[in-house]
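For reference, the chain that follows is the form predicted alone, supplied as structure tokens.
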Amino acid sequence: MSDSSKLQIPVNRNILEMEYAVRGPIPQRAAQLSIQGMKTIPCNIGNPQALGQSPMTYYRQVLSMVEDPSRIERERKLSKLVKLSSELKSSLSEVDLYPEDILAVAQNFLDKNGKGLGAYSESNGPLFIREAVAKFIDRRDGRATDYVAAKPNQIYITNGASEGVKYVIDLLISKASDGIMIPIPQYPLYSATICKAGGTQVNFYPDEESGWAINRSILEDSYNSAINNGTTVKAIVVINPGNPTGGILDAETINEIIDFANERNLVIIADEVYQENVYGAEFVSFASVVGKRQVPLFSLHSVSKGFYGECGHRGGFMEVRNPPMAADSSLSFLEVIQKQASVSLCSNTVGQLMVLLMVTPPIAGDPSYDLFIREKNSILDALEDKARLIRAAFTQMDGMEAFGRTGAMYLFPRMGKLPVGTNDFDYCMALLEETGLTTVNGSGFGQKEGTFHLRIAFLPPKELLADVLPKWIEFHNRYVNK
């Protein structure tokens, strides 16, 4: 039966028109090549453990105890046996025995949760986890001027940060002319979610040559253009550190964005999932700067990034500050978001536990602390080192240039030279076919007209980069000069 003779069913055009480049044609072609036996390097997405990053021992040890609570008592018995046998003790490595704080954390979770990981929780997440998140936010931001303490009842535990984004955008867009301002380039989650909700994407363009800086003029130009086109702008998205650019915003810039949103009655969606990935720079949260200004703020964090890299466990949280009311309704945004969360009953409970562990790491003096800090620093140092290695390779590529500081897990270099009639998609596909390196074309994230980029995640092992970078340099200089 031909496709034309099959049953034709009208479908939601918004879904048909969605695009998501990080899982688009280039990675799809990479999957085909991999099946055919070619070795590919998936640098198209921030998926650390897919490229060999080891899980943090602390997280996995607690998780294993909670998944199988009978092991807690067995581990304690084993520890007693080891203390009685010097021969047995000398044969065990640092991670063979679970430290007592691991067992205590696991038991504490089970005691507070009351039902393990196999049962539904409250739709917004267990209260004790939301309380822990609030304390984490207060520790991070509490020294700021006019800081307002986080409230557990304004925190939602979500399936990664993406679910929180969808809650807010789905709620905000009530008609096709409703617009959301997003930075270009942007993470395609935002353009896809706006498209699916049937709203209008309003682009603003950070200044690439100034390190992807955002200023009031850039925001006003975008806003005024949208208003003149009949769009009702309702929110602004800010990704800090930036994805795909890696740009890092300072407190002065964040304050300027908040003032802009305040004057224009806009909601702020602050995507802060890369807050650990600043490599020596300072991360400044929106919550620490907004103070007592009554600007609706939705801040997002996740266990997928940072040094944790637990993408598959789909854990995240969204904090809401200054929630507005829903027009023509007696409900606040908090109540409507609660309704959205309730439709799925709850976020996955393993992800909830991972969020708890993210916001309550071991502290100095805990048996697990030294190993935790060594592993954390090793991962972050390695990421910075690999970013530096790739940046150095760009200097050997004709016309390739990366602007700004290194943040997040990506580099987004601009290609100043391409053969006539080609674009960054052609380049990235050819790079894949020749070297196996899977990147994403800059047009998949959006970019200023007439410019070409690509995004690469600097996650592969250093030895793999050392092998592929000379091949990329050779390919690049041949390709752009043909």
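Numbering starts at 1 and follows the sequence shown. Because the structure is predicted, anything quoted here is derived from the model rather than measured.
In what follows, reference is made to the form predicted together with a small molecule, a form of this protein that is not presented.
Interface residue among 386, 234, 130, 305, judged by heavy atoms within 4.5 Å of the small molecule in the predicted bound form: 305.
In terms of contact with the small molecule in the predicted bound form, the residue from 348, 288, 162, 255 that brings a heavy atom within 4.5 Å is 162. Heavy atoms within 4.5 Å of the small molecule in the predicted bound form belong, among the stretches 273-281, 171-179, 99-107, 291-299, to residues of 273-281. The small molecule in the predicted bound form comes within 4.5 Å of a heavy atom belonging to residue 243. For residue 269, no non-hydrogen atom is located within 4.5 Å of the small molecule in the predicted bound form, even though that partner is not displayed. Within this chain, residue 321 is remote from the site of the small molecule in the predicted bound form, having no heavy atom within 4.5 Å. Contact check for residue 400: no non-hydrogen atom falls within 4.5 Å of the small molecule in the predicted bound form.
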